[in-house]
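Only one chain is given next, in structure tokens, and it is the form predicted alone.
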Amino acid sequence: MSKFFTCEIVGNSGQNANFKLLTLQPASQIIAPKPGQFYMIQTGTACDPLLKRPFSIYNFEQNHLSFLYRIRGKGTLSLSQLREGDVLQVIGPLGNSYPEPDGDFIAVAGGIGIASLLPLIRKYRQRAYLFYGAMNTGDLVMLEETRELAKEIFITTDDGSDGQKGWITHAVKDFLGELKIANQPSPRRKGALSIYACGPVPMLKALSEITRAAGLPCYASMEEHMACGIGACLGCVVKIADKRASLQRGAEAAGQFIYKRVCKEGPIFNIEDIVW
């Protein structure tokens, strides 16, 4: 089966004032996506916008693809104006996926980052401690579904309009401290509580410090502007610590990094490898 295919829009409905859910019906059988993968989707019926936009898979059921998105720029604005019956060109699934959790796990979502994590939470029902942060209550979406799927959910908003007031990373840090997880032995051992995250860079950077101190593995979905989505244009790179150089040259190679493509080697990276 090809990763290049056409789809018909069967739904493009608003979930609240800020978010919409796009549902597509492929014209043929397609490759089933894994949690954390994404698609490049045509956002207009003409050549403007010219480039496709990347969207994390929200759900795949009965050969229908669903994508949760927020209107933020020209591409998503154009997409929001499309109607049922419109036909789009799509490429996917692309990128790698979240590693399989061993037992219960923590999911940390910032804003629209919930779209990337929900397939993982849905697949491993009642195993996720979900930490969901947003600027205000209007930026929280799919709460009813997440409460049904997650083992426990913690909500924070910057303005205190829902859940606890403050940053979601503070809630994660408090939770890890209460469970005394930081005192566990090697994070590589079987059964260690893994953490999965998707959200804005400041959140992921703060989370990397917390998980490193706790000695827990954390896998982050990175977001970058993309042109092709297949690794050809090199426009979506992130800095990754050059471990091979460190092994070969020791301390003199400390701080060296290499670039890796979010669309090809990612979007999921071990958070301790990212150079912020």
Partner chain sequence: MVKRTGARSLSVKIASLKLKNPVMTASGTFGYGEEYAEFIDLNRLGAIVVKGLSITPRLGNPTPRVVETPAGMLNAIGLQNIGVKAFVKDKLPFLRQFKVPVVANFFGDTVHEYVSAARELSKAEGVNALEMNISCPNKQEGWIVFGTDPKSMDGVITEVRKATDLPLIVKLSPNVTDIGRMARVAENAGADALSVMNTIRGMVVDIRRRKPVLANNTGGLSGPAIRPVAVQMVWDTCRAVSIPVIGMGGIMTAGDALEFLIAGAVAIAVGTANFVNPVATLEIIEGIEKFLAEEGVSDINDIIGSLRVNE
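If you're wondering where the values come from, they're calculated on a predicted model, not measured in any experiment. Positions refer to the first chain, counted from 1.
We do not show the form predicted in complex with the partner chain, though everything after this point is about it.
Exercise. So which stretch, 22-30, 219-227, 62-70, 205-213, is the one near the partner chain in the predicted bound form (non-hydrogen atoms, 4.5 Å)?
Worked result: Going by heavy atoms within 4.5 Å, the stretch is 219-227.
Exercise. So in the predicted bound form, does Q89 come within 4.5 Å of the partner chain, heavy atom to heavy atom?
Worked result: Q89 belongs to the contact set for the partner chain.
Exercise. Is W276 close enough to the partner chain in the predicted bound form to count, meaning some heavy atom within 4.5 Å?
Worked result: No, W276 is distant from the partner.
Exercise. Is A241 close enough to the partner chain in the predicted bound form to count, meaning some heavy atom within 4.5 Å?
Worked result: A241: no contact with the partner chain in the predicted bound form.
Problem set entry | Partner proximity in the predicted bound form: R125 to the partner chain, non-hydrogen atom cutoff 4.5 Å | R125: no, not in contact with the partner chain in the predicted bound form.
Exercise. Can you tell me which residues in 58-86 come within 4.5 angstroms of the partner chain in the predicted bound form, by heavy atoms?
Worked result: Contacts from 58-86: just K74.
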